[in-house]
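First comes one chain, alone, set out as structure tokens in the form predicted on its own.
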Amino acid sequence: MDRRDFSKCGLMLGAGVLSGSQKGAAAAGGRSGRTGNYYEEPPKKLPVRQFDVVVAGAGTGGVVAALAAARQGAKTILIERKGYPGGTVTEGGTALHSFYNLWKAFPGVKKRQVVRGIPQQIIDRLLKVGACSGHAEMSKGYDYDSVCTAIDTEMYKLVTFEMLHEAGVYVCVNTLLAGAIVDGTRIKGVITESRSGREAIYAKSFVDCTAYGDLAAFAGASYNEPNDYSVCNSIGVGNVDLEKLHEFLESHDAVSQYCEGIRSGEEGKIVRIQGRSSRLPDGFRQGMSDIGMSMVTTTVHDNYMMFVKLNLKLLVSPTSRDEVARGELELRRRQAKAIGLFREYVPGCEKAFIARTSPMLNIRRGRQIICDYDISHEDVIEGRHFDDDVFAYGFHDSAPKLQVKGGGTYGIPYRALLPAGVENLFVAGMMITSDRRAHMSTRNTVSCMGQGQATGTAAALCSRKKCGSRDLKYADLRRTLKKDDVYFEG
């Protein structure tokens, strides 16, 4: 299905032209039938709910977007296909990158926390329940990131769920976004599917945090599908010894990253470690290469590696159901092989086992949505700021090869979060930026969180002021973001 067909399908879904089930068809008194290779579903009346703001996707950016919108007084609904919030933070990463500028790599540069606001409030809540390492300073590998902020994946789900509940967000988990109701250049509503049935959700403002760009595509926004990253399925590994893992890597002079923080309630313990695979035993190194395993992990618990990442390059975009099905099987085979490697080669891991897997593979990019502004590689590494910045960010996942100039930051402009041709839609997360080098920064977790606060706030303001996304006065948005502890350079 190409972009036009996908958008047309979303429009038809929203208009109620397509239906859900035979039972629903009979109740509606419509006709159905098969013509060649197609089955035509009859019309069906859907129950309607009314909100101010719809946030699609309760992942890294979506949680923060929904919290931001609700705290501005907007009646907010959050739609998530899984049974919990969290997304890549809980399933696909290694730590949260990065709340700070890269000061440690540039002697004399001032240390400053550049992402604050709601993202920091989440960290504060996690620290209270012993589910975070804190912003622990890296002692080796700090030219990559100055800090490691590791989290307990399961407690993150609970803490953010509770925060959403407290903010009054109407949370619809186990609910699929199935289409959009579009009138010209505006979205009027979305279609959802759940075991409670099929519903139409009307609102004034919409935020796409699906990672795949599903809502933007349903709404007719233009996009590309670069397929320029591997997908992964990260596992949690139990019954391991972090100190012995460190000794193993040290014995091969292979430690490239090292950080101590809070682990199992005690400070000064290993919370992040990475090894150079080129210096490890031949069998282990080759085995890692064969399964796309990265020798980096974080943890906040003794005897547990929170993330061990297995990567796989798909032949086509991860929006392909059949290619993803092949990938899901292959990644789970790789997970089993990873455990075998740890048991065979790494002291203290002889009885290691898989303690956690992600429910589905994780992506680094699905659809790249065409927005009013396309952040460039030069914008990022030159540390450029804009007259419509919505927050500052300073991490680059290609460091130390690529870093933001002088340990500084760059700005995410408001324009970069507005899908071209749609008047009341925002996107947040890994969907922005066509330049892969720039995307190696903008797609990272804490950047997505910052984008979430900006878009959720803007969506609520647009709803309140009854204006489109491009009619919102930037001064009003910036004033509100600053009030809510968003950091701006200068």
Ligand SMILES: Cc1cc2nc3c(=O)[nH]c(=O)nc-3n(C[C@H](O)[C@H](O)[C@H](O)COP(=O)(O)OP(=O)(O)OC[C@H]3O[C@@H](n4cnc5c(N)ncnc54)[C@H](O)[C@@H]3O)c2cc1C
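Nothing here was measured: the structure is a model prediction, and the numbers come from that model. The numbering used is simple: start at 1 and walk along the sequence shown.
One more form of this protein exists, namely the form predicted in complex with the ligand; it is left out here, but the text below deals with it.
- At a distance threshold of 4.5 angstroms between non-hydrogen atoms, residue 67 is out of contact with the ligand in the predicted bound form.
- In the predicted bound form, the ligand sits beyond 4.5 Å of every heavy atom of residue 454.
- Although the partner is absent here, residue 309 lies within 4.5 Å of the ligand in the predicted bound form, judged by heavy atoms.
- With a 4.5 Å cutoff on heavy atoms, residue 158 does not count as touching the ligand in the predicted bound form; it lies far away.
- Partner contact region in the predicted bound form: 72-80, out of 348-356, 162-170, 411-419, 72-80, criterion any non-hydrogen atom within 4.5 Å of the ligand.
- Listed residues 301, 334, 198, 364 were compared with the ligand in the predicted bound form; 364 is the one with a heavy atom within 4.5 Å.
- The candidate spot formed by 136, 146 and 396 is out of contact with the ligand in the predicted bound form: none of the three has a heavy atom within 4.5 Å.
- If you take 423-437 and check each residue for a heavy atom within 4.5 Å of the ligand in the predicted bound form, you get 428, 429, 430, in sequence order.
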